[in-house]
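The chain below stands alone and is given in structure tokens; this is the form predicted alone.
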Amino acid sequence: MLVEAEHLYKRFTEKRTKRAADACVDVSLVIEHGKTLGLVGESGCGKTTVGRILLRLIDPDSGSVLLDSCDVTRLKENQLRPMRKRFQMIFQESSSAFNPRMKVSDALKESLRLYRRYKPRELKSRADFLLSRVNLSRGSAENFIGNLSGGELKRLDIARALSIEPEFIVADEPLALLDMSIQSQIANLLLDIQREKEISLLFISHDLRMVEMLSHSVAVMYMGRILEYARISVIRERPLHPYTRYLWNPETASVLAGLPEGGCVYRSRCGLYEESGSPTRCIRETPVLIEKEKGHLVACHFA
């Protein structure tokens, strides 16, 4: 395993109202060398928080993240900086990840100067190669980032992530807000890069079609918790948790009747809970992620 996260917990508190929300509760997952883990779930369930914790962009309140058996959550900043060349992020909002007044070539050279030692001529050559790798013309190198289209900006984000040849990339909704043709091109680009460099990916997305195309395994997340975890073929053919079945077949949805305060976080929308006669176990006990079949984990009392 390249990445192993164990029992991650993160709570955010709003400064003005002092209201607290658990963005990540007892999350454990693993990502193998050269493989892709798809992380799916509706907006606000904590997917981006998990991705940022894995890269130490934010610190967990508890839990650990092992990168090749090194716990990055315990490292000090001067110890963490040399490690950062091993992992990168493709941001959901690429427009907020760049200075719009910076030129494209300067944005790529900046990361190369930080983590790789190149001579000035080599810097230009490397930047040109990265642009061609993501199908951006060399002429775009002198463009200002603020003038790029959404698709071009996403490609630049990918090029910067690849610039220092990382082992692990968190791709946070890399295909969002792009038209179908651009989505397919970027998806194929990620597949090609993974085959060539054996890069491990955490692919965060709402698009289940692309998740099936790119991922080897899938973790299903709801209200900060992992509810099901298995190989993509198993999830597609034999999902065990009611929420997973709902994601792949929305016709099974139940009416949302308010957020439960204890027990199973999904019971207010769970058809299985209703069919079973609203058992008190779902109210009193929070189901933990257990292995129902080999390599197939699910957090449901009656899966």
Partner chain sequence: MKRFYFEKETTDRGGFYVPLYRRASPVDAVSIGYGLFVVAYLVVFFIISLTNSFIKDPMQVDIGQMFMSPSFEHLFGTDFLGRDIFSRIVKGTEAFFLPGLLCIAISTLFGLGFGILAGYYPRYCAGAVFYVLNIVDSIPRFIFILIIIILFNPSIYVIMIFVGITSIPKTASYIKAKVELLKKNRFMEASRALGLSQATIIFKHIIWIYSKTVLIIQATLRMGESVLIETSLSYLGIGVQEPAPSWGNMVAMGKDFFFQGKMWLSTVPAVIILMTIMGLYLLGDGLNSLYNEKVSR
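Numbering follows the first chain given and starts at 1. Remember, it's a predicted structure, so these values are computed and weren't measured experimentally.
Form predicted together with its partner chain: not shown, discussed below.
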Task: Interface segment, criterion being heavy atoms within 4.5 Å of its partner chain in the model of the complex, picked from 211-219, 156-164, 132-140, 67-75 - done: 156-164
Task: Candidate from 147, 184, 125, 233 lying within 4.5 Å of its partner chain in the model of the complex - any heavy atom - done: 147
Task: Residue (of 56, 35, 269, 245) lying close to its partner chain in the model of the complex, criterion heavy atoms within 4.5 Å - done: 56
- [ ] Report yes if any heavy atom of residue 99 sits within 4.5 Å of a heavy atom of its partner chain in the model of the complex; otherwise report no.
- [x] yes
TODO: Verify the contact flag for residue 191: yes if a non-hydrogen atom of it lies within 4.5 Å of a non-hydrogen atom of its partner chain in the model of the complex, no if not.
DONE: no
TODO: Indicate whether its partner chain has at least one heavy atom within 4.5 Å of a heavy atom of residue 229 in the model of the complex.
DONE: no
Open item on the list: Test of understanding: in the model of the complex, would residue 200 fall inside 4.5 Å of its partner chain by heavy atoms?
Closed with: no
- [ ] Given its partner chain in the model of the complex, answer whether the residues 273, 297 and 301 all have a heavy atom inside 4.5 Å of it.
- [x] no
Task: Members of 286-303 lying within 4.5 angstroms of its partner chain, judged by heavy atom, in the model of the complex - done: none
